[in-house]
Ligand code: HEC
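One chain comes next, on its own, written as structure tokens: the form predicted alone.
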């Protein structure tokens, strides 16, 4: 009985820590979105004539891989953004690498 309780308690802790990581990731993604380039991604991407990131992700037309490529290479009016993202204080404080920062931003935009 004690062993079953210990296993159940461990599973609950693992589930809670996973939720905490997901919450942290969304929070950091939000900070990147709101603060990139000093004015935030929404300055351009919340304008109807520009690519609507959330809608494109939900529609499956903006994959995680193509999103990362765009951040690292830019295209058209989209500047290279990865260096700007990595300068974000929340990213620095969390000790995120590029992949983690891109994941956080992609997850936040997906949740909008």
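Because the structure is a prediction, the values reported are computed rather than measured. Positions refer to the first chain, counted from 1.
The following text describes the form predicted together with this ligand, which does not appear among the structures shown.
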query	finding
Partner contact for residue 87 in the predicted complex: this ligand, 4.5 angstroms, heavy atom	no
Any non-hydrogen atom of residue 77 within 4.5 angstroms of this ligand in the predicted complex	yes
This ligand contact in the predicted complex: residue 56, any heavy atom under 4.5 Å	yes
This ligand contact in the predicted complex: residue 71, any heavy atom under 4.5 Å	yes
37, 44 and 109 all contacting this ligand in the predicted complex, non-hydrogen atom within 4.5 Å	yes
